[in-house]
Structure formats: C-alpha cells, structure tokens
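Below, in structure tokens: the form predicted on its own, a single chain.
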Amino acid sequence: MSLEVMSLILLGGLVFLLAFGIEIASAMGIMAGLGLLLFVHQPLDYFARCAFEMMNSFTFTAIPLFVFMGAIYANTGTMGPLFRGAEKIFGNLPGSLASSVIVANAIFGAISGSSLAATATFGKICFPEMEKAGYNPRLSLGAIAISGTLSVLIPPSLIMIVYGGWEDVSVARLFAGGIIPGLILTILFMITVTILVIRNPSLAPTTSKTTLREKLKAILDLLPFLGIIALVLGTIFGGIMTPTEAASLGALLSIVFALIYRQMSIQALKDSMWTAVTITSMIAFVLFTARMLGQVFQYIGLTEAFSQFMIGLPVGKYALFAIICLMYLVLGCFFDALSMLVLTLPFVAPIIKNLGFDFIWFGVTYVVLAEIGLVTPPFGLNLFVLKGVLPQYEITTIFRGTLPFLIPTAILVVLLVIFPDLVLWLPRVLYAR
C-alpha cells in the first residue's frame, strides 16, 4: 500500500472521528490502533508498553504537583489578596482593575502553570469587582480571558514540561527562557488596556488615586506570593532542585500558605487532589496516544516525507517558519495547546532542526502561539471556562473582548523571531557553566 493511501486513511480517519465529536485522545488512540494492525503489523499490547515507557518519566511527575499547587490556591480563595494588592499598586493607571487582573494572573502563573485554573479563579474573584466598579463587561472579560494565557508562558508551565519531556529538552532552561517573554507580554497587555481606556473612557471609570502608604502595604500583601515564586524558581535555576523536586516544594508551600491564611479545609484539599488526578490523567492519555500515532506516522514514512516536502519549498527559513506559525494559528482554533503540540511535533521538530532553530527558542515561541489558540473560537478553552464561570455572557462577547489583546501577542511572536536572545539570553546566563 502506498504512502499516500496509508496517510489518507490515518489522517482522514482522525478528522472524521474529530468531526463526530470524539475526544482528541480517543481519536488518536483509535487511529494508532488501526495503524498498528493494518500498516505496522504489531499487536495492540504495544499500547501498554508505550504507556508505561511514556509515563515512567521523572520529568512528567512535576505535572500533577504543579496542578495540585495551583488548585490549592484556586480552591482555598487565597488569590483575593493577590488581586487587591495589584489593584492598589496600579490604581493610578487608566483601567487599573483590568491591569491588576493581568498582573495578578502573571503572578498566579508563576505559582500555578495552568491557564484554565487562572481563568476560572480570576473570573470568580475579579469580574464581580470590576462589574461593581462600572467596567465595561467586554473589557473585563477580555482582560481575564487573555491574562489567563500568561500561565502557560510564565514558568512553571505545564506545556513546557510536556515539550521538554517529549523532545528531551531541559525543562529548567525552558522555564528560564519563558521569563522575559512573559514579562514583556504582561507589560504589552497593560499598555493595551491603557490605550483602550484612553481612547474610549466609557470602558472604565475614572481611577482613584492611591497613596504611597497604600502602595507599600499592597507590596507587603504580595510578598508571600513573590516569596513562593522565588523559592520554587530559585531552587530550579540555582541547580538546587529539579523541576519535579521544586514542584513538590511548591505543593507543600501552597498547603502551608492556605493554613496561614486560615483558608484550608478538608473539602478544598480533596478537591485539589481530585483536580490534580483528573488533569494529569487527561494529559497522560493524550501523551501516550499521540506518541503511538506519531510512531505509526514515522513507521510508514509520513513524517520524513512531510519534512522533506516542507524543507524543499522554494522559500527562505523565516518564510517557512511563518508558514508553521500560520499552521499553528489555524490549528489553535480547533485543538487545545497540549493536543496540538504532541500531534504536530513529530512533523515539525525535524523541520525546526533542519532550519537550525534552537529548540529552547522554538518551545517558548510555540507557547506564545498556543496562547492565541486559547482565546480563539470555536474551541478556545479559556473562552469556555469563562463562559462556565459567567454563563450570562456569550462566547462571542468574551471573544470580542480578547480581540485587541491578540495584537500584542502577535507583536511578541515577531519580537522573538527578530530577537531570539529574548528567550535564549537568560538560560545562557544561568547555565553558562
């Protein structure tokens, strides 16, 4: 059977299953099983061996720990002081509450790594406050949805952990590479809010001035969160702990933090543990079925043929990378960031290697591209999460609120291509030895 026919059966079958509403992991598993039987001629017990080999990874152990860490903060309500502290510090800016949401999400991203948890948490905490203050719902919804994406860029990031384990790239270097782009994007989002409110003052009420004493008190409110970030990331970058060991430290600190604030309960602990189990199980299912399908693609020669075709196009390396970016922007409308990553890496990684791009740089750039997919319909996950928290608003309303924020995200992608040291400088400094 020719490569074209086998590829058509596998890819066409995958699209067919997805079109009928089959979950991405199940669809990949079904097509991988058919590929094993029809084209690779291997027994289906290969699934069990692949699942064990995939999950028997010290790197991936960090995933449930970071998820648990974020879930503790979300379920115990300890994020309130974070938002209120950011509000006092940036209270003099136009649209200060929207900027405060963005900064609070950036800090939460540095102690969580879950975009969905960030969006749900701040949707519950911040939107009522913004609505009460008289903010335009579209600006409020857009700021909450887009700032939730910072959690996948600012370390620790679950997507970076998966990418590092999948491509055998240092997760610590990926974390370091995401810090400067994450800070830049946070600032760009805040600038976007300021410009929007200056151009249309009806979007937000006039800000109230905060005194220096109030700002200093707000900084004190933020210090515990910043201390946890410093401990978790500092132990990673200092070589004291691996990302998995630092995740264990962060999970313990989240419990201690909730106890100190008297927000911990048995129910919150149980809910957080269940969240960690369910999300990790979902990720594990996606990972090993994608690995199986990728191996089938590799066996029949599809990945090599695709790579040779792309490299053979009569365009330059940056034009080819622009095509890859466009592909991810389109796929991001239909796939979540994790599924899109593991489904495309077998095809894209050889191209990135042949073009001479750094895998640390590409991993961070991919995360920025995936952020756009989190807020673009029809399957932008952050849109659905916020819709679930605030059912009175339609998906289209939430999406229109995020549209202005897609411009700074696209600007960041361009900056990363022009100045790759925005990603590579910090890992080079930290790991120069």
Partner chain sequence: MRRIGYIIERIADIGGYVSGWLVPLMMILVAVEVFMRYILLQPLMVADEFSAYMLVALSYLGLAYTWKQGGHVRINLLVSRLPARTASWIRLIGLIGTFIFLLGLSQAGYKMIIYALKINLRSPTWLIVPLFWPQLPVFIGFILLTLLLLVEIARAIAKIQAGENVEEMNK
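Residue numbers count along the first chain shown, from 1. Not measured: the values here are computed from a predicted model.
Below, we refer to the form predicted together with its partner chain, which is not included among the displayed structures.
In the predicted bound form, none of the heavy atoms of Val375 sits within 4.5 Å of a heavy atom of its partner chain. Although the partner is absent from this view, Tyr261 stays clear of its partner chain in the predicted bound form, with no non-hydrogen atom inside 4.5 angstroms. At a distance threshold of 4.5 angstroms between non-hydrogen atoms, Ser26 is in contact with its partner chain in the predicted bound form.
Mapping the unseen interface onto this chain, Asp336 counts among the residues with a heavy atom inside 4.5 Å of its partner chain in the predicted bound form.
For the options Thr289, Thr119, Ser99, Ser112, the one in contact with its partner chain in the predicted bound form, meaning a heavy atom within 4.5 Å, is Thr289.
Taken together, the three residues Ser2, Gln298 and Gly356 all stay farther than 4.5 Å from its partner chain in the predicted bound form, as judged by their closest heavy atom. Heavy atoms within 4.5 Å of its partner chain in the predicted bound form map, among the stretches 358-366, 163-171, 271-279, 186-194, onto 271-279 alone.
Contact residues in stretch 339-360 (any heavy atom within 4.5 Å of its partner chain, taken in the predicted bound form) are absent; none meets the cut-off.
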